[in-house]
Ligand code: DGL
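Taking the form predicted alone, here's one chain by itself in structure tokens.
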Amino acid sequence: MTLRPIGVFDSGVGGLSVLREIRQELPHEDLLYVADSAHAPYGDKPLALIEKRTLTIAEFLLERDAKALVIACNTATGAAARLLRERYQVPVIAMEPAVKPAVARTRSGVVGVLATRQTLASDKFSALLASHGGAEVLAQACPGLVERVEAGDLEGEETRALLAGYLEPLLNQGADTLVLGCTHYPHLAPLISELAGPAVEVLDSGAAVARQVRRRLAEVGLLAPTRGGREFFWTSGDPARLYPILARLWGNNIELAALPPD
């Protein structure tokens, strides 16, 4: 049935950057979003834990009749996208850092990628780099940034200092294009652009993922008819603690519930 919802999940609020693009691309769809806040960030967690959490959340969304699963998290994509695709019949749409467009757009021939340690260490990221030559790609792990976004600190001094430290080596080596390889980082895009300067282009893959969701649903005849789509939110953490940052990043009048215990 085309009125079935789309399930989207991330380790926390980062995936809202992808959810917003999906909402813009598919205004008629119902969207289910799970923030696995009790286990955020995924970037420094063991692979086995990320796989387990991904499967648990996927099952939760499928129990609510999700017609597609969107892994709105680069770390979870690298850890478990193949696992979900092998296990479930619904379309599984995952993240891919915007390295290809960045390589095509760089003028200096140097591209910087900001991501978590797990994403940069994944086989999927290694394969992505191997498939896109033509520029020097500098990978920069950014521990601590996810936690700043989860805390709602998008422009404070601690966040500014962390970002400046991560950007400096990339800019010093001539990077003129930056890829945001974590879905939390687009929430910091204004600050990143301010620190990097107007000559540096900042790219993320949220819009491309949203277009892919549309394509996959159209292929199997599951696009919703013209109607007003709704959003529903769950968290594995404390809803009272998450609500203020969720409302800030998404808007007020949201429905947020606690994820049932495992």
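Keep in mind it's a predicted model, so treat the numbers as computed, not measured. Quick note: we count residues from 1 along the sequence shown, nothing fancier.
Just so you know, the form predicted in complex with the named molecule exists too; it's not on screen, but the next bit is about it.
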| property | result |
| --- | --- |
| Interface segment, criterion being heavy atoms within 4.5 Å of the named molecule in the predicted complex, picked from 84-92, 111-119, 170-178, 130-138 | 111-119 |
| 4.5 angstroms heavy atom contact with the named molecule in the predicted complex for residue 146 | yes |
| Touches the named molecule in the predicted complex: residue 206 (any heavy atom, 4.5 Å) | no |
| Stretch 182-199: residues contacting the named molecule in the predicted complex, 4.5 Å heavy atom cut-off | 182, 183, 184 |
